[in-house]
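Listed next as structure tokens: two forms of one protein chain, kept apart as structure 1 and structure 2.
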Structure 1
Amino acid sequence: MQVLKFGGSSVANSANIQKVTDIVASAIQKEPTVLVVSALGGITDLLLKTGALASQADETYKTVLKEMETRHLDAVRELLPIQQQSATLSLVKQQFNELDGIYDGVFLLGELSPRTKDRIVSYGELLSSMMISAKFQSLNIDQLWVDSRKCITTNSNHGNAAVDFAATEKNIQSHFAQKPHQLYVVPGFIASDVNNNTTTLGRGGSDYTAAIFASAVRASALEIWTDVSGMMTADPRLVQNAKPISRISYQEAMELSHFGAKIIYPPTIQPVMSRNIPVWVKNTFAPNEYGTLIENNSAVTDSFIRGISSISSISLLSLEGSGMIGIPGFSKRLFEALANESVNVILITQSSSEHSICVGINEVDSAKAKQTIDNVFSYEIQTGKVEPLKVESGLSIVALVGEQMKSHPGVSGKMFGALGKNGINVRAIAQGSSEKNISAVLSAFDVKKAINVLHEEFFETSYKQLNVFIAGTGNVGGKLIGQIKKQFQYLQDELHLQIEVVGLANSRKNLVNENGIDLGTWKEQLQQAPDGSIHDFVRTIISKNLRNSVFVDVTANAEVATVYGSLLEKSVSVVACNKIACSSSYESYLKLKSLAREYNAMFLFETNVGAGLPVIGTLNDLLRSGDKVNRIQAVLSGTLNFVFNNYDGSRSFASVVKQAQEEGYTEPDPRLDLGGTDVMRKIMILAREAGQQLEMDDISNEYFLPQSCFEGSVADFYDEMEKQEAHFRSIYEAAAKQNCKLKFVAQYENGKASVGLQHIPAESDFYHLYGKDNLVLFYTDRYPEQPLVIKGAGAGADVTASGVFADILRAR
């Protein structure tokens, strides 16, 4: 004999019931079958809602009751041939008349006791099972409707009754021996006590009913039919890439169901495990899919973690005090107090010093738990031996489950390392001695992120996903998006890395899509996006709380630079093309570096110096490997190098600068380049990275621009340069007379830095520096005379974007 159970979604309406009928009709060809069914989808909740309305003297309960009756009557008419409907329609009407009488009593008394609740909700399963039984009868199948209340005996704990297995097994075996049939249709969820009062087995109890019957009849198999194709490695509503679990052990299934996996009601496993009865979890709407097989030994797979589950709405109770140390009985009194208030303990952890003990409970029980525990320990609290109970709510438990964990060291380290890298704070930890699960208590806000992080860490062999938010969609930003789009498949295939651009922001608009923005149509999408500031953008990033988040600043905006700290504090890595943050006060620069370390985030700004050239990375490698930087000489402005390589007096200096701006080499305001401010920022950043405390005021700047060029707008600047052409020509001619070239050189030595225009002779490394190229010379203990040289294009949207892209890849 086999047992098949179908849940509420499987019997939600007549169309779904027809699918159930087809599956069962096929199954009974193999062997006799017990069919256990739930109430029609949503009916149990409606029955309870109607009872609550009636107890509050709210006459709208009659409307809800009528709607439920109509739904069942309509289902009968759709399921059965018209000539066979009468008896079942009458039966349904009779059941609803009984319900109406019960609700009237509740209405008059203004009271809804647990016993009455059980009686009311029992009608859901009674009605569905009677209707389905009538359907099989109409098909001339040898079937019998069995009232599970006559078979399953429980205590009188209404709402979650405990089963008397000895009496129940005797009842079921006796019932089936007397009345052999091909099919038995049984209402799930309901039972009765020794006084024949209706009881229920807890929400989800239809699974339990099926397991009880399977154990009693020694079934060949128990099949749980639902609306998903078996158990998954994580909740697919939270994890997009959750994978099906083909085989799992009883113990693993119990752990996952206890920690929130909704596929199977937790008590279901025990009755079938004791008889070694295999359990299949199958999909009513995809019956040919394999599903999940639960049995004594699960198959060995590539992953030693079987699944990840979670429980929400948890409160953490912490009992602490020096008076607990070495004194026996504290734990007993704590758990006794909770048990007396029927508070279920979900998780326990205690420090080895015995100074504290923490337990996780359902949030709804936290108030009464605190009251009773504070009462029990009132003497110890008054005498200062124990602190008043601390209650922390708004928490969840995330559990990593797998029998094979015990043979794989380092699972805990991998788990908590992955969580820590994503800024997920763990409030408490518990691991059983059997090592079948590791449980962590964390903020409910972090649950989705945590489950995705862990799923990626333990199950994603194909790729890791970076969620990228880009501020700035101009020239460099546009090039960066194009490069990410072009390299998307390559990165996934070769580096097992998927970069999802999930956010874009310009000066007016914010576009966010956590499933990824289509990079083929991003411009159109951004135009249609809602208005928003950079602060709105940052608030969205923080509220989305996505794993492996990277914020990329490709602006030159001072306001954007102010948000880095708030992002780093949330473990969002920051990639900055914008030089303003790192060239602000030394204190601010150190603060950002410190936040990155403290919150396990990356703060990367390679393109602050030399665009795509590996200048900062090389400097950091030198220092990390124990070298010491003694002197830096550099041409750090691609703009100034381009200008002085192209200016020969044959055309105006202003026109050459204009060309540089049009070709994308300059800052939006070219005076930042020509005035040396940009170069000052760059040499200061290098000096700071080399370990020198330096401010902008500490850097000397030999200006070559007349002061009048700094006044007014950018347009005024160009006009003034035209007026000052003689000045620029004289600078050029002075260098040419000495057979020198003009280069704007930055220097750092002995803790001091300077920038300025210099005459460069032919023997200098800087002489043969063409176009927009930068050149950096590092003189160190290892390179004292022949410097380490870095040379290449130091400006341009493409190379700058490529440097930003490289930093994004490092942030993974």
Structure 2
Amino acid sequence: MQVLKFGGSSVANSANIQKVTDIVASAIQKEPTVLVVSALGGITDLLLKTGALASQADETYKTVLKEMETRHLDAVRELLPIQQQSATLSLVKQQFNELDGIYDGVFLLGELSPRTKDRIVSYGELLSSMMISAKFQSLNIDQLWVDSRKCITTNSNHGNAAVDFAATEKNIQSHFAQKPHQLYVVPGFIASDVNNNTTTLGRGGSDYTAAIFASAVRASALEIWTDVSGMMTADPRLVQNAKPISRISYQEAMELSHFGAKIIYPPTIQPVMSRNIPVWVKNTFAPNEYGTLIENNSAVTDSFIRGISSISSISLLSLEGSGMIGIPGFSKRLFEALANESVNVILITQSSSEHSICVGINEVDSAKAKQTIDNVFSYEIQTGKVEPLKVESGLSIVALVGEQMKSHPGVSGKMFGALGKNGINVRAIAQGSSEKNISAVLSAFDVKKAINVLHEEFFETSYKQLNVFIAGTGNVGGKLIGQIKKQFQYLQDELHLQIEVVGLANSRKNLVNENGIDLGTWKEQLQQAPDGSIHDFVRTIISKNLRNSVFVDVTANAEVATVYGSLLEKSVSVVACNKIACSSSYESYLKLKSLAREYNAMFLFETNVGAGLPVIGTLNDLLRSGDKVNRIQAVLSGTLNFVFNNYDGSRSFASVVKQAQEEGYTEPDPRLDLGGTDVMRKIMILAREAGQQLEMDDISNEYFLPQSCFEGSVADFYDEMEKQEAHFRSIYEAAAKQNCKLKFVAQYENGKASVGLQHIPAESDFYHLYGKDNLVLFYTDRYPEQPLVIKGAGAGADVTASGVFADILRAR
């Protein structure tokens, strides 16, 4: 004998029931079969809802009831040949008439007792099983409908009745001792107490019914048929990459289901485990897939963590007080008090100092728990030995399950390390003494993220997803998106890194797609995206709470530079091409760096100096490896290089600047470049990275622009430059006379920084510097005479984008 159970989605409609019929028809070829079925998908919820409506004297229950009736009648018409329909149609109608009668009573009395609720919901499984039995009848299969209420005896705890196993076994065995049949069709979920009142086994209880039958008939196997291909490493609705677990032990399956894996109702495992009956979890909609085998010994696999599950709506109760130390019996009283109120304890932790006990319970029980515990400890509370019970709600439990974790040290370290790195705060931790699970209590807000983080950590060690939000879709942003798109496959194949751009914002629009924006059509999508500010964008990033989030600022906007702190605080890494944040006050620069450290996020801004050149990274490497930077000399402005490489007095200085602007080498207001501000910012950032506390005011700048150039608009500036042509020519000629070139050089030495135009002789490193190239010289303890040289293009959208891209990869 074998037992097959089909859940609500498997029997949701006639098309699905047809699939069930096929599977069962082939199963009975092998051996006699007990078929346990749930109500048609969604019907249990609807029955409870209509019951509640009726008890509130809300007549709309009638409409819903009618819809349910139609759904069942339609299914019968679709399932059975027309000449065989009438008996089953009248049977269905008769059940609905009975239900009508019960609802009338509820409506009139305005009362819905747990006992009546059980009566009402039982019709879900009664109807489905009768219809399915009729279907097999129509196929001339030797089958018998078995009333599980006559088989399973429970106490009278309606809604969640406890099974009397001795009586139940006897009932079932005597039932099956009669003339044997090929197939027995059994309604799941329902049972009855000794007074023949209908009871139910708890939501999801059809699994349990099947296990009870399997155990009583000593089945060769129990098969749980559902809508996924087995027990999976995590709830597939929460984790996209969840994979079926092919083999798992009873203990592990029990642990996973206890901690929320809805796929199996927790009490199900016990009865089959005690008889060593193997359990298969299979997919009705993909019957050829392997599924999961639950049995005594879990196979040794390379993963010592079997799965991750979670329970929502948890409250954490903390009983604390110095009066608890060393006094036995406190916990006993606590747990007795909870047991007396039928409060189910899901998780327990006790700190080693013994002056606090923490238990996790279902949120719905928290008010009752608070009342009873404060009552039981009223004397200790009054005398100040114990504080009134603390209740914290809005929490969830996430559990890591695996029998073999006990032989693998460091699991919890890895678990909490991964959670911490993603800014997930853990409120309480419990590790069962059997070491089959580690569970953590955390905010409900963080659950999805936590499960994904842990899944990635334990099941996708060779694979990681970065969730990237980009602010700024101009020149650099556009190039960056192009580069990410082009490299996507390579990074996935070679680095096992999946870079998903999940958010894009420009100055007007916010485009967010958690599953990754299609980078082939981002422009069109962004155009159609809703309006939103940078602050809206940040709010979305924070509320989405995705793991491994990276915010990328490829704007030059001051407002965007203000949001980094609020992101770092949520452990979102920040990659900034924008120089404003790092070159604002030293205090706020330091604050961002310390926030990044505190919240385990990265704050990277390599492109602030020398675009894609590895300037800051090299400096950091030198310092980290113990070197000391004594002097920095650098040409850091592509703009000024361009201008002085092209100006020789043959045409006006203003026209050369104009050309630089037209070719995209200057800021919108070229005075930021020509006045040296941009270079000052860069040398200041380098000095700060080298450990120097420096402000813009501390940097000396020998302006070569006459003061009059700084007045008025950009257009005025060009006019003024034309007027000052003689000044520029004299600067040029003074240098040319000495066979020198003009370079705008930034220096840092002995804690002081300066910028200014210098005469560069032919033997200098700076002499042969063409186009928009930058050059940085680091003189350090290890490079005392011959400096470490970094040279190359220091401007341009492509190289800047690639520098930003490299930072994004570093932020993982």
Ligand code: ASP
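Bear in mind the structure is a predicted one, so any value in this text is a computation, not a measurement. Here, rigid core means the biggest group of C-alpha atoms that superpose within 1.5 Å across both forms. Along the sequence of structure 1, residues get numbers from 1 upward.
Here the form predicted on its own appears as structure 1, and structure 2 shows the other form of the same chain. With a cut-off of 2 Å and the rigid core superposed, Tyr250 has a Cα displacement that falls short of the cut-off between structures 1 and 2. In the core-superposed comparison between structures 1 and 2, the C-alpha atom of Ile760 has shifted by less than 2 angstroms. Superposed on the core, the two forms barely differ at Asn600: its CA moves less than 2 Å between structures 1 and 2.
Relative displacement of the Glu98 Cα between structures 1 and 2 on rigid core alignment is 2.8 Å.
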